[in-house]
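Below are two forms of the same protein chain, given as structure tokens: structure 1, then structure 2.
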Structure 1
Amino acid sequence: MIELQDATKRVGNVIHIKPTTLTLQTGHFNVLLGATGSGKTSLIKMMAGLDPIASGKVLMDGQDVTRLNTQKRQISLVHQFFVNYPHMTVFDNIASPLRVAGMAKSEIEGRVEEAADLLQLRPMLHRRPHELSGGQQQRTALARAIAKESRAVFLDEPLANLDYKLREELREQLPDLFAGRGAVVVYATSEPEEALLLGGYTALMEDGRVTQFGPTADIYRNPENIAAARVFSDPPINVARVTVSGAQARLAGGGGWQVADMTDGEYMVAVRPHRVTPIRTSDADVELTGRVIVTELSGSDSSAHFQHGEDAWVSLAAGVHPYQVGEDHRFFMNPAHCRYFGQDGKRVA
């Protein structure tokens, strides 16, 4: 278990990590999800002992490791870049931290071979990194982390530089590779879909702070604030101003629906792009007419960015749809999928 207690990080006068209290458990993936610059890597470096903290504490299994160096924390770190020793074979790369620890030769061989088998590297053990593909180099780095049997494993966007097929393959394998090893696994990503596929628990990050933490699926369904809703959506979640009066919600650009248990006032409504479609799907749907600004076709999906009143919206729908930039188009939204937030950004319904 890793505990952060009001931990902060400064670089000069700039606060990179605001006071953060967080507990990360073993037995499942702990995902740090946020855009580039949100603080994911800074938080990992604090926990790993690579960067000093300005205030607060870091505990591992109840032990205060705030002032301990990286080696004494018994951690492994896998970056998005392929960090292997170029002059060493794959075997020696995997074995390197075990030799530093003074482990017996027979135990080193056993651990390296076990990790190599898990990562399908047995035929490459005598090759050097320049003889490997990008995927094989990253597998080598992952095998080194597994063989070391660390107390904590930090994976900082480890699949970012791999091609799509390799990313999908390794993403599916990662939870099983680290299952039952007794390590706290922390995985940083900027992709909401990746967090959902990995499952476990997710800490949403924005501007150097954790905006929400909990079971990944729960956070996706029930964001506590507008910042959390924005982080956990790709394409970006639709956010628009809405006025509630007499149990009726109405958008500034037109379109209204019934709401329950909400007092009259001004709110923000948020709905994910895949809940805004060019085809009516139920009698409860609200029609939104908007001028199409940008269209994109990705595989079997079509997206359209459109202007509805003063608000910019995004629709993401399966299939190919004949959008024309500059033309008005009808879109439909089911209010059952809306989330409401107050002017302070906190969830109200």
Structure 2
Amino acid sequence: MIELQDATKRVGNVIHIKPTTLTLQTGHFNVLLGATGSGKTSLIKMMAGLDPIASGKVLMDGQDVTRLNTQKRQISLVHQFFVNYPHMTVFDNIASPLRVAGMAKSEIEGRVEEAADLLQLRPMLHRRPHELSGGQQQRTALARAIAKESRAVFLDEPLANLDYKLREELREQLPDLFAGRGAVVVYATSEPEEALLLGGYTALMEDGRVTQFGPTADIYRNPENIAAARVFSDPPINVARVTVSGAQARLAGGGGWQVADMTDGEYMVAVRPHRVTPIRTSDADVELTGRVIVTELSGSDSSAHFQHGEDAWVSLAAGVHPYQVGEDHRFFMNPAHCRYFGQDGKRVA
């Protein structure tokens, strides 16, 4: 378990991490999701002891480690760039932290081989990093983190520099690799899809703050504020202006439906692109007509960007749908999937 208690980070007079309180548990992935510069790496460095904390505390398993050296925290860190010792073989790379810890030779061998098997590195154990592909180099770095007995493993966008398909494969294996190792796993990413695939818990980050934390699928479905909804969406979530008056919601660009338990006023409504479809999916669907600006056909999905009043919308639907750019099309949206936010960005319904 890692706890941050009102921890902040400052460089000069610039606050990089605002007071953050967060408890990360073992047994599942803890994902830090946010755009570049939102503070994911800073937060990891604070927990790893690589960056000093301006105020507040960091605790590991209840022990205050705020002033403890990185070397003494028993942690592993895998970086976005493939960091290996270039002059050592894969075996020695994986074994190096174990040797530093003074482990017996026979035990080192066992552990290295176990980690190498998990990451399919067995045939490459005697090669040097420059003879390996990018994927194999990153797997070596991951194997080093797995072989080492750590209380916490920090993975800072470890897949960002790999090929798409390779990313997909490794992403699927990762949760299993760390399962049952008793370490807190923290995974930073800027891709919402990656957070969903890894599951576990997710902390949404924006501008040096954690905006929401909870089980990944929960916060995907129930964002507490408009910023969280935007951060956790790929493709970007549709946000439109809506006026509620007398239990009736009306979009600025036309189209209305019944709402319950909402006071009259101006709101923002957010709905994910795949909930806006070119075919009617339920009787409750609201019809939106809009001029198609761009279409994208990915084989499995069709998407259309359309203009509805002054708001730009995106529809994403499975299958092949013929859209004509520049023409009006009808789209359908089930209000059950709408989330409402006040002018201050806070969720209201």
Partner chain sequence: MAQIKLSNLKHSYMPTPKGPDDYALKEIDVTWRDGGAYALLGPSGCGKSTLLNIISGLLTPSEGQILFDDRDVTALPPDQRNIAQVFQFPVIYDTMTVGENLAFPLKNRGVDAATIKRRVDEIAEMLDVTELLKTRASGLSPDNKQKISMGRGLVRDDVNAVMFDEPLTVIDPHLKWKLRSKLKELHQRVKATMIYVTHDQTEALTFADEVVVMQDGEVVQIGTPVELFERPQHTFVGHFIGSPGMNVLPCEARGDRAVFEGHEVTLEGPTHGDGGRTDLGIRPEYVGFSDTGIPARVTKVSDIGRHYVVSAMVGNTALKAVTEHSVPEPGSQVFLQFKPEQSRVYRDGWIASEERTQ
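Since the structure is predicted, the reported quantities are computational estimates derived from the model, not experimental observations. Structure 1's sequence is the ruler for residue numbers, which start at 1. We call the rigid core the largest set of C-alpha positions that still match within 1.5 Å between the two forms.
By the stated condition, namely the form predicted on its own, the first structure is the one that fits. Shown in the overlay between structures 1 and 2, fitted on the rigid core, is a CA shift at Val31 smaller than 2 Å. Relative to the superposed rigid core, the position of the CA of Val325 differs between structures 1 and 2 by 2 Å or more. Core-superposed comparison between structures 1 and 2: CA of Gln80 displaced by less than 2 Å.
For Pro278, the Cα shift between structures 1 and 2 is 3.9 Å when the rigid core is held fixed in the overlay.
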